[in-house]
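Shown here is one chain on its own, the form predicted on its own, set out as C-alpha cells.
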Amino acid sequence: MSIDLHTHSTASDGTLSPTELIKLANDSGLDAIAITDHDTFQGVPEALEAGKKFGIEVIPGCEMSLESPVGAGWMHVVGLWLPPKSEELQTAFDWVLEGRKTRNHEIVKKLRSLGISITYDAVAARAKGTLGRPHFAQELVSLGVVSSVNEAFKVWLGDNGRAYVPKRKLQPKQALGILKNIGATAILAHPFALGLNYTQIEELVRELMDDGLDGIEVYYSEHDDAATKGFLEIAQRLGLLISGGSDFHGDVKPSISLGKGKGGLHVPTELLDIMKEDRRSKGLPV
C-alpha cells in the first residue's frame, strides 16, 4: 500500500492532464495521490473530479519555489490540503507567474542571441498550463539543437546552462505564512537539492519550523538509502511529519515513474494517516 504526495500535471510542467494523472495513479495501484503543480492550483478541481471518477483519494496541493539561503541549492515547499479558494495564495502565485512570463521572454532572447532560431510562440504552444523550462527543452529537441530534454537542461536551460535565467521566488517566511494562514500542511520538498550537509539542513529546518514548516519529504526519487535515513532521522529528531513523493512529471522526466520514482521508491500509506491525525488534532479538515 503506497501513496505519492509530489506530482505534476499539465497545469504546470507535467505532460499528463490532471485526469490522466489520477487515472495513472489508480492504474498504478496507489491509495492516494497529491497533485502539486508549480505555483498554481489550476489543475486541482479537475483532479478532484477525476478522483471521484476513478475512486482514488486526491489531496489538493501545490509546490512553491522559495529563495534559498546563501550557498544553498534550490528550495521548494509542497503545500497539501489547499482550500478550494484562497485569494492570499492566488495573489502570491500571480506575483510569481508575472515574473515567470518575463523570465520566459528573457530565455528566448538569450537563446536567439546564441544562434538558436526559437520563438516564444512556438514554445508557448507546447504548454497547456504554466509555461516553463521543460517546454523550452521540448522545443530545443524538436529543433534538433539537442537530442534529449536532459541535454537541453544540461547545456542550455539548467542552473549552469548557457541560457539560464533565474526566476522570481517567494521568501520562505512569506510562503510558509500563507500556507499556515490557509490551513495547509507545509512540507520541505527534496531536501537533497539544497546541497547542504545534514547539520546545515537541520539548522535550516529548525528556522523553517519557526515560520510554520510541518514536515520533510524524506522519501524521494533522488534520495538514496543514506539520504533517506539521514532525512528520516532529522524529521524524527525534530518531531516533524514525514512525507514522500516521486516528483512525477511524465515524459519530461522519463526516468521517474509515478509512485515508484526510479524503481525503488515506496511511500507508505501510513504516513498519510499520520498527517491526517496531525491535522485533526489542529482542527484542520482532511
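Everything quoted here is computed from the prediction, not taken from an experiment. In case it trips you up, residue 1 is the first one in the sequence shown, and so on.
Another form exists, predicted together with adenosine monophosphate (AMP); not displayed. Remarks below refer to it.
- Contact check for residue 38: a heavy atom falls within 4.5 Å of adenosine monophosphate (AMP) in the predicted complex.
- With a 4.5 Å cutoff on heavy atoms, residue 150 counts as touching adenosine monophosphate (AMP) in the predicted complex.
- Put simply, residue 168 is far from adenosine monophosphate (AMP) in the predicted complex: not one heavy atom of it is within 4.5 Å.
- At a distance threshold of 4.5 angstroms between non-hydrogen atoms, residue 232 is out of contact with adenosine monophosphate (AMP) in the predicted complex.
- Picking from 82 to 90, 120 to 128, 100 to 108, 174 to 182 the stretch near adenosine monophosphate (AMP) in the predicted complex, with a 4.5 Å limit on heavy atoms, gives 100 to 108.
- Distance criterion of 4.5 Å from any heavy atom to adenosine monophosphate (AMP) in the predicted complex singles out 252 from the list 252, 227, 32, 48.
- Within 4.5 angstroms of adenosine monophosphate (AMP) in the predicted complex, the stretch 107 to 130 places no non-hydrogen atom at all.
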